[in-house]
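In the form predicted on its own, a lone chain appears below as structure tokens.
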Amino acid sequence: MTQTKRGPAHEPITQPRLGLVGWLRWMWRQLTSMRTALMLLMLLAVAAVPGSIWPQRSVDPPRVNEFIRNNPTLGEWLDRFGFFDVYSSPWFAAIYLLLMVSLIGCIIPRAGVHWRAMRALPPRAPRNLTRLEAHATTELSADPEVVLAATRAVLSRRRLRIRRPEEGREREVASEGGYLKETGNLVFHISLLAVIVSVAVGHLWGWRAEVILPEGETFTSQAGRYDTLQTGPWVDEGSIDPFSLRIDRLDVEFETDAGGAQFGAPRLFEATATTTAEPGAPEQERVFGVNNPLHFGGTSVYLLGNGYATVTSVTDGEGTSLGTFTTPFLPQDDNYASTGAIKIPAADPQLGFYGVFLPTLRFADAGPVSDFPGLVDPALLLGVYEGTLFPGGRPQSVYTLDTAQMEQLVTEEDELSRLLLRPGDTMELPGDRGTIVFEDVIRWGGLVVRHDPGRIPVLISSIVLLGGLITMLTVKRRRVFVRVTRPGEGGGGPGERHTGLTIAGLAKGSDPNLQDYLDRIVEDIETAVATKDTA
């Protein structure tokens, strides 16, 4: 009976298990790789795109509300995913934090590797230098010791670090240079991390505010005095710098050449102000403009807008003064046709005027318009309303009039009341409700106040980042090896060039100029040898 021989049973292959620690190590290595850092940087740039497409609450809340009203379905979903608060949204912050962690994980190990590389000796010369892609050979009429000394001197002048001579390798010179390339790479990444951190500091501890200030009025910096105020999550409103500012004169000039394409364009825009840095400090007269802000400690005040404010006085039907009101009007076009509201809460019932101010009045087919932004023929056109100015006690903008619980007055001819006033005019209100006097027109300046503790660090980090990037792109990491042959080894006789020299080089990365670099080193060595022989 024949027995069949069976081989050893095949045991199933058991795959190694990473375990929790192994998976965590793998995820950390993936996160801290340079590829991931670049992908996160690109993703951060893409994530910032919605901030430039849709209005942001931190910049223009009214536009956000208007967009949601006009697009209720789309606006609701965009708001739900944070597209109106892109830079404060959780998903943007997650990308931001992951990028910071990735950069830190890239920088720390690479810094250690670079530090050890800078302290290590250059590697020994390969056995056959001519096998390297970039190499050159020549012969010199000098002793090998002279050639070696000239070689070391030339390489030292080129800032290459030279390996110390070793026994049995006295005729070789191994050198390496271009460590600044990796240093620039590290500086670039550290600076990029510093920019990210500085921007985060500015967001957390920074704030931005706006206020319209007419000429002659004094503004004191307090949280409740600003027209709009956006603060970072960690800002203490009580820490806002308490400076004061009064615009004494606002100088604005416009192009008056009616035949030119720039007619009406602003040519001068600056303000003369009296400022006080803190309570009890002496007053200072200072001039500031669009590109010349005022600075109060870490707070900067920019003059970014201007317009007109009307000065009006109102009396009731018995001739009692209800007050004098300085009302800013907001420009709606390049010719400064401006809208605004004058509110008289002391009247009974309350009165409100809403209309437009025209610096240069002209009656067109479509109605009154402004032809020029300067004060050539100023006029104030108002509709008169009475009722409740603040229905339900709800706050409202000082530049608009809520007419939900108000009615427009009518004249004796049963027409809606509309007033046209020029400076100095006095007009009776319908129904013996009093008078309004258009006393004067003054200018106002639109001030933007910013406190950004990350601004200077961002500037410094960006400059250092640019320097690191330039260094990284221009400096080449190179290794240069030189071998010298003794007299007679090359077969030369008396009077011949009898000391042989072979030079070769390696570059980290692409270096199309490596051969030219070696040729110039050979020329420098020949010059150094000839100079020493002559001496």
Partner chain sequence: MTNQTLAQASDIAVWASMVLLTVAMLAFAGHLAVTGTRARSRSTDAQATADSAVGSAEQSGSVAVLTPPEVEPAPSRRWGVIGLQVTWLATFALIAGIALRGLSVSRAPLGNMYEFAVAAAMFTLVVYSAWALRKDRLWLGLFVTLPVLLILGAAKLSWYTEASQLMPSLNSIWLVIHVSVATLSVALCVIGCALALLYLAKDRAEHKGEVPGWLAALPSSPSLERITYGIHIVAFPLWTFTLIAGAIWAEQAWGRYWGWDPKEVWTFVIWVVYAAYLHARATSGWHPRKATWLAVAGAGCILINYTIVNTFFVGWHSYSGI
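Model, not experiment: these values are computed from the prediction. Numbering follows the first chain given and starts at 1. Whichever C-alpha set is largest while still superposing within 1.5 Å between the two forms counts as the rigid core.
Not pictured, yet referred to below: the form predicted in complex with the partner chain.
Asker: May I ask whether Ala37, Tyr87 and Arg450 each come within 4.5 Å of the partner chain in the predicted bound form, counting any non-hydrogen atom?
Answerer: Verified in the predicted bound form; spot residues all in contact, yes.
Asker: Do Leu268 and the partner chain share at least one heavy atom pair within 4.5 Å in the predicted bound form?
Answerer: Leu268 belongs to the contact set for the partner chain.
Asker: Heavy atom to heavy atom, is Leu97 within 4.5 Å of the partner chain in the predicted bound form?
Answerer: Contact with the partner chain, no.
Asker: Does Ala309 reach the partner chain in the predicted bound form, with heavy atoms at most 4.5 Å apart?
Answerer: No - in the predicted bound form, heavy atoms of Ala309 and the partner chain never come within 4.5 Å of each other.
Asker: Verify the contact flag for Leu465: yes if a non-hydrogen atom of it lies within 4.5 Å of a non-hydrogen atom of the partner chain in the predicted bound form, no if not.
Answerer: Contact check for Leu465: yes, within 4.5 Å of the partner chain in the predicted bound form.
Asker: Quick check for you: of 215-223, 318-326, 335-343, 87-95, which stretch puts a non-hydrogen atom within 4.5 Å of the partner chain in the predicted bound form?
Answerer: Heavy atoms within 4.5 Å of the partner chain in the predicted bound form occur in 87-95.
Asker: Counting any non-hydrogen atom inside 4.5 Å, which residue from Leu204, Val290, Val376, Leu74 sits next to the partner chain in the predicted bound form?
Answerer: None of the others qualify; the residue that does is Val290.
Asker: Which one, Leu132, Leu186, Ala209, Val458, lies within 4.5 Å of the partner chain in the predicted bound form by heavy atoms?
Answerer: Of the candidates Leu132, Leu186, Ala209, Val458, Val458 is the one lying within 4.5 Å of the partner chain in the predicted bound form.
Asker: For 512-526: residues with a non-hydrogen atom within 4.5 angstroms of the partner chain in the predicted bound form?
Answerer: Only a single residue, Pro512, comes within 4.5 Å of the partner.
Asker: Core aligned, does the CA of Asp251 move at least 2 Å between this form and the one not shown?
Answerer: It does not, since the Asp251 C-alpha is displaced less than 2 Å between this form and the one not shown after the core fit.
Asker: For a quick test of reading the superposition: does Thr220 move by 2 Å or more at the CA between this form and the one not shown, rigid core aligned?
Answerer: Moves: no, less than 2 Å.
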